[in-house]
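Listed next as structure tokens is one chain, alone, in the form predicted on its own.
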């Protein structure tokens, strides 16, 4: 395992600036996940660490030593790609051992490493097969085995599970997490899937437009997002946002802010009969009732029912429903919000009044 540092790293493609003066430290043995929307620079960042893209400015260091000008093979890094990148004419054994043979590792050591990796990844019975004979999950294990046998200082994963079906992604997430616990290796893992990020990471880096928006442990990001962007990006379903007017005491002025709340902190209360009066909230409830809304979509998920509710023509929220009779589209009701869970953001999207 090794520590990784990026110091004021920038990357330009012609006149387009992709990464802007980024600073990042990944501690030895840490599992760091980088997330962000398409085009934010997360895969470019990974390629810079691997040495596949040169930096425009800045420095990349491994255990305090600059590797910015070193070739990929001289950095002690192994990368697992989204598309597996297996040689189709080679067997699984040959794919895994190919890099070791190029490095002129003795045959007995190559055989030992391949056997150990195959056992750890449960692909021992596949060593004589060709890639076309493998499932997507098996191909990904082979790609991981090829990286493991190099015994790198740092593992890089570039959206490794995006080509797998949902059930297999869950299984592979568990295997990657188990692998990290056993090897205690330093991992930098890029994904667009926030579920992968939340379940795998020691810390998550949220990127936006080539910059770091926030770095924190998964639940810290979820509970205390620093910006509206992070609040909207982390969490599924996404956080709800409503505009509000704030009147600071004694100023005689007002300003517009945005309140944010997660679906699990709000509840749809069906209107009772023909009454359009909001239900009474007891003094013991730390909650408020917000207007009336019409049900647009209902998602019964078994453990919870999500209700998509339209409060105004361009104002929609997602909340939970806990009653016995599930609403249907067109039903009207009220939105009950736990005010202890409200987050406030200013006009620039920054968190205020934490």
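Residue numbers count along the first chain shown, from 1. The structure displayed is predicted, hence computed values, not measured ones.
If you look for the form predicted together with a small molecule, you will not find it shown, but the lines that follow are about it.
Of 18, 9, 337, 343, which one comes within 4.5 Å of the small molecule in the predicted complex, counting heavy atoms only? Spelling it out, the residue with a heavy atom inside the cut-off is 18.
Position in contact with the small molecule when the complex is considered in the predicted complex, options 223, 122, 192, 255, heavy atoms within 4.5 Å: Checked against the cut-off, the match is 192.
Please identify, from 313-321, 31-39, 294-302, 64-72, the stretch that has a heavy atom within 4.5 Å of the small molecule in the predicted complex. Result for this chain: 31-39.
With a cut-off of 4.5 Å between heavy atoms, is residue 159 one of the residues that contacts the small molecule in the predicted complex? Flag for residue 159 set to yes.
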